[in-house]
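Only one chain is included here, represented as structure tokens and corresponding to the form predicted on its own.
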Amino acid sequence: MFRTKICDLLEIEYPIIQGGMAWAATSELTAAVSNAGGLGIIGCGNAPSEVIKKEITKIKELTDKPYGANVMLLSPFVDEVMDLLYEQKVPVITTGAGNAGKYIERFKKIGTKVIPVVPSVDLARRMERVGADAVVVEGTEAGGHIGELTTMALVPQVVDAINIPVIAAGGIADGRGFMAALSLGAEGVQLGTRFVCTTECTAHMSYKQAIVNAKDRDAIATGRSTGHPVRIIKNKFAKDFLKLEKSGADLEELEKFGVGSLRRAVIEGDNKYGSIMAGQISGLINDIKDCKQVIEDIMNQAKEVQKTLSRL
């Protein structure tokens, strides 16, 4: 019922892809999402190629379905990671924090689909010109690194501006959000925070519980003064970071303060001094279940929304 161009492009059953979250999007989560009919994505983050190679090896043992990898273009290991993904013929690559143009032609030669994450119409147009297969349009509601425009405002503008498929991201966690994205012209959705709160995600239970316990105003933006804002759950780390920003601390001091904070939250479960990256949709997430159930619930709710709309 909801088969779109994204399903055909990526050879998946449902037009749902999982965000490539650093530390949280490991082979276990990636394979589980792919096995459930979506597209799982390894989060490469700032990891070197040898770490990512181990994840790819595990994924191939856990699934025979399509999967992908998300590459942060600001990573110090970006070129060696891209070489690895080319060597391993990873089916899909999503990219963030930069312009993926110089990598696209190389991957197209081996059939890899390249889907940059974009925060603006201008970057979406540039990515189409250099050969991107689709784009993920991410609104400021998302967790982690964010832009300024909302998903509701940005997605239809990008849809009108380009001819390649658009995947909506930011503030989507259920069937209602899925249907809203399709209504805006998107061909699929990307979910991050919702997939953190799954049994297959290896993130520390304290990290997941912080999201489950979050209320509507608990996911706040930090780091706006740096030009690279990050949305995290409000805690001692967030409050101290914002206080440091307001004091006029420079970029170097702020970066030093944040070093290792995401790992502390995701791996060590430090909910006081860790950076709990999560989106504004956190207030809507109140349980932890397996990836198959997450996707089934989204699709079932979407069908109910469609039935309701058809009666109006």
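A residue's number is simply how far along the shown sequence it sits, counting from 1. Remember, it's a predicted structure, so these values are computed and weren't measured experimentally.
What follows is about the form predicted in complex with a small molecule, which we do not show.
- In the predicted complex, none of the heavy atoms of G185 sits within 4.5 Å of a heavy atom of the small molecule.
- Contact annotation for G192: none of its heavy atoms lies within 4.5 Å of the small molecule in the predicted complex.
- Interface residue remark: I276 is not counted as part of the site for the small molecule in the predicted complex, having no heavy atom within 4.5 Å.
- Although the partner is absent here, T199 sits far enough away that none of its heavy atoms falls within 4.5 Å of the small molecule in the predicted complex.
- Heavy atoms within 4.5 Å of the small molecule in the predicted complex belong, among the stretches 172-180, 96-104, 213-221, 150-158, to residues of 96-104.
- Residue in contact with the small molecule in the predicted complex (any heavy atom within 4.5 Å), chosen from L242, V230, V78, V121: V230.
- H145 is the sole member of K234, K113, H145, H204 with a non-hydrogen atom lying within 4.5 angstroms of the small molecule in the predicted complex.
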